[in-house]
Every structure is written in structure tokens, then in C-alpha cells.
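What follows is one chain in C-alpha cells, specifically the form predicted alone.
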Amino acid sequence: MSENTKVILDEKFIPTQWYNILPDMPEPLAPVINPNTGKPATADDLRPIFPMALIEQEMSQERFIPIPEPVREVYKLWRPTPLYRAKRLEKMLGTPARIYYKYEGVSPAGSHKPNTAVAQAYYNKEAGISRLSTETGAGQWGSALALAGSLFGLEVKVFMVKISYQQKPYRRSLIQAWGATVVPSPSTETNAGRAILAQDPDSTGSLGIAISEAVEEAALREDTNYALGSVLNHVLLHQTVIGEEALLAFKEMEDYPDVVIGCVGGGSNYAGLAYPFMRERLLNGKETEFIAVEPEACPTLTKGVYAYDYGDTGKMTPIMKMHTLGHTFVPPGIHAGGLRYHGMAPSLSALVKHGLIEARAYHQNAVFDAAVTFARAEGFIPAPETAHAVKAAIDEALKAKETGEEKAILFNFSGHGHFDMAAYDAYFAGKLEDYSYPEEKVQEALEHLPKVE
């Protein structure tokens, strides 16, 4: 077993294929429903907002899908990403566990998001599209798509959830630095945004609202397609470069994770790391545990229901079966802006339903406690979203300390926190409030779920 703190991989370790988990699921996913017809969505239903290549990936039952060479060439700007062993953290905790993390913060945008942004920009460019619209929560996805747009010569417009637009000014600047336009959502630029502002002029926004605005923008312009940073099958597919690289790195070290951990908002970063390891469990009997971590303030997996729901507030998107808090859900303004989505990826939701993934929820003060512990041991500052995974990894390491179990723990360090220092300022000043989303609010939101036969 390697004792190296950092596993160095070269370009040959960048995967040539993405992994599609759909053919290996315990049972087929429930069909996606067209909100206008009430019938299963077809490829033609998705053509107004997606290029055919991505629609085919969304519906594919092929286990592996080739990565186009132009996409791999861009990946080489930062991939393969390093796998670190957190020896200093292990020593600080006094644990016999081996703690590893895949560091996605080395991308130009500082997170895992460019893994799919680059692919989506490439396929849209190939399809003759000149403009993309999207939403963003914390700004990670918006900045990643802005980067990808600049690399492939596409105009990009980003609807940024208003509370994050206010909390994270440097994310806005990053988006603009790569040539994209960013507006706070809800905005006055779309019917969806104006409708929300008419009801609540002081709305802080939500990802569901921002998605409605971005989809409307794409649907009304022939030169514009929509790009999504999480939830959908093709997005999770593109992220599996993370897990495939990690598998190769563990083979190099002659080690293997007993536990695989990640934060979840829509599911993309965690699926990207976990799904290749889940394949090894489903097909080859590896007894790995999987833990998905979310905020107590947006408890999609731990308090939501597994049901059909819209992906957006304006009910413009297809209806998917997933864990949901209801499309009318508006979360509080916690600092983990990327985890404030009402729904969860259908595939990840199904794996939780089948008991293959454990879901946990934490309060934000405990999460920041863990982030600071990690930073003082390992040096890297986690994004607030990533810090949820850090918290679970530390908990698992302390559990191993109690039992004396020498297990290997792997988590996805999905992004650095360099643009999130206002959140750390609030934490150090004692201004962060822990918030448990009230059960009655959850039940109220669930009353608006669509009726699907």
C-alpha cells in the first residue's frame, strides 16, 4: 500500500469514456413525463432546449460513452486531478482510518463543474448553437459554463439566485471575467421572474426559480439552448471522470475505499465520484459504503419524498421521479448555495431508495467546524458545500477511532472556498444560524406535487 500523501497521475489516466450507471441500476428509472401531455417525454420534446447528442446521452442504456477528443484536450488543462491522503488530518484526529480526497479545486473555476460544462459547450457548438442560458446557485456552475463558453466561442447568460448574487460578488466577477452575462434571479427579464416578483418583491430566489428563467430564455430563442449543472443523467455521466480517475489511483496504491462520501445538492459531484465505485459494488460485489450529505436547511433526501415533481418552480421542465421537497420550496439563505435545490438526481434518488446510499444532513455551524479543522490540518479551504463531505469524513474517521477499524475513507473535495470567505467571516463572527426546515413547511410544499398516473 502506498504511503504517499499525493498520488501523481499523468495524462494517460484521463478516462477516454464516461460511465453511464443506468444499465446497472437495480431497476429501470421511472419515465420522465412531458408536463404538457402527461406522457413519457420523447427526444423531440427535449429538442427545443438541448442538442441531440446530449438528448441521446440522457436516454442512453450504453454502459460507456466515448469522450470526444476535443473535450479530453480541454480536460488536460487541469485533469487528472490529484488524489491526496489526508495524513495530517488523520494524525490530528488520532484515527487509524486512512482518509483520501479527490481534489477538484484545481480546475480553472475551482470546482468539479467544468467536467460537464466543457462537454455541454462542445456538443452545443457542434450542433450550431451560439448561445447558452443557465442558472447558478453559489456561482460554481455559472462560472464553469462561462469558462466553457469562452473556450468554445459561445455567448452565455447566467441567472444567479439572488441571495448568492448578493453574498458572493467575486463569483459574479468570475463569470464576467470569462465573458458571460449574469443577472440576479428572480429578475424582470422573464415572465417566470416577473411572476415571482409580483408575489414577493423581496424574494431571495431559489434554484427552481432560476431554472424557470433560464429554460424560458432558451425556449424563446432559436440561437439559445439551455445547460444544466446537475440532476440530469447526462450531467452526472460527464462527472464520472472523477471516479474513474480515483479508481485508477487506488489501483496504483493497492488500496480501495471502504466508504465513499460526497455533498449533494442535485447530485452531480457525488455521482461523479461514487458511480464508478458503485459499479464495482453492483457488478463485482465490492462491499463499499456510500454516504451522501446535505444541509439540514434543505433536507431533500432526509425529509423529502420520493415522488414525481417538476425540476423548476415555473413548471416548465419535464416531471421526474426523485426525492423532492416540492418545486415551490424556497430554502433559507444558508451559505452552501450549491446545495439549496428542492430536488435530487433521479438516479441518485433511486439508489437511496434501494438502500445503496445512506443520506445524512448536518447544520452549517458543525459543517464549518469541520471545514476549519480540515484547513488547519491539510491547508486547503473547502467550499461550504464541500465542507459537508468533510464533516462526514471526519465523523467516519472518529467512528473508526472508537472501533479501532483501519478502514479507508474517500470523499470528493468538490471545490475550494476562496470565493466563499464571507461565509467564513460570518462563521468566525458567530453569525451563522443553524436552521432546520420545519416539517410543516415541507408538507406544505409537497401539497403542490403534480398528479402523475
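Note that residue numbering follows the sequence shown and begins at 1. The shown structure was predicted, so the numbers you read here are calculated from the model rather than taken from an experiment.
The same protein also has a form predicted together with another copy of the chain, omitted here; what follows describes it.
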Only one of 70-78, 212-220, 322-330, 280-288 has heavy atoms within 4.5 Å of another copy of the chain in the predicted complex; I'd like to know which. 70-78
Could you work out which of A109, A121, A138, V235 is the residue within 4.5 angstroms of another copy of the chain in the predicted complex, going by heavy atoms? A109
May I ask you to choose, among G379, G128, G355, P201, the residue with a heavy atom within 4.5 Å of another copy of the chain in the predicted complex? G379
4.5 Å heavy atom contact with another copy of the chain in the predicted complex for all of F13, E90 and A350: no
Is F250 close enough to another copy of the chain in the predicted complex to count, meaning some heavy atom within 4.5 Å? no
Residue-level question: is H416 within 4.5 Å of another copy of the chain in the predicted complex, judged on heavy atoms? yes
Quick one: is L154 in contact with another copy of the chain in the predicted complex, heavy atoms, 4.5 Å cut-off? no
Check V158 for me: does it contact another copy of the chain in the predicted complex (non-hydrogen atoms, 4.5 angstroms)? no
For a quick check, can you give me the residues of 154-176 that have a heavy atom within 4.5 Å of another copy of the chain in the predicted complex? Q167, Y170, S173, L174, Q176
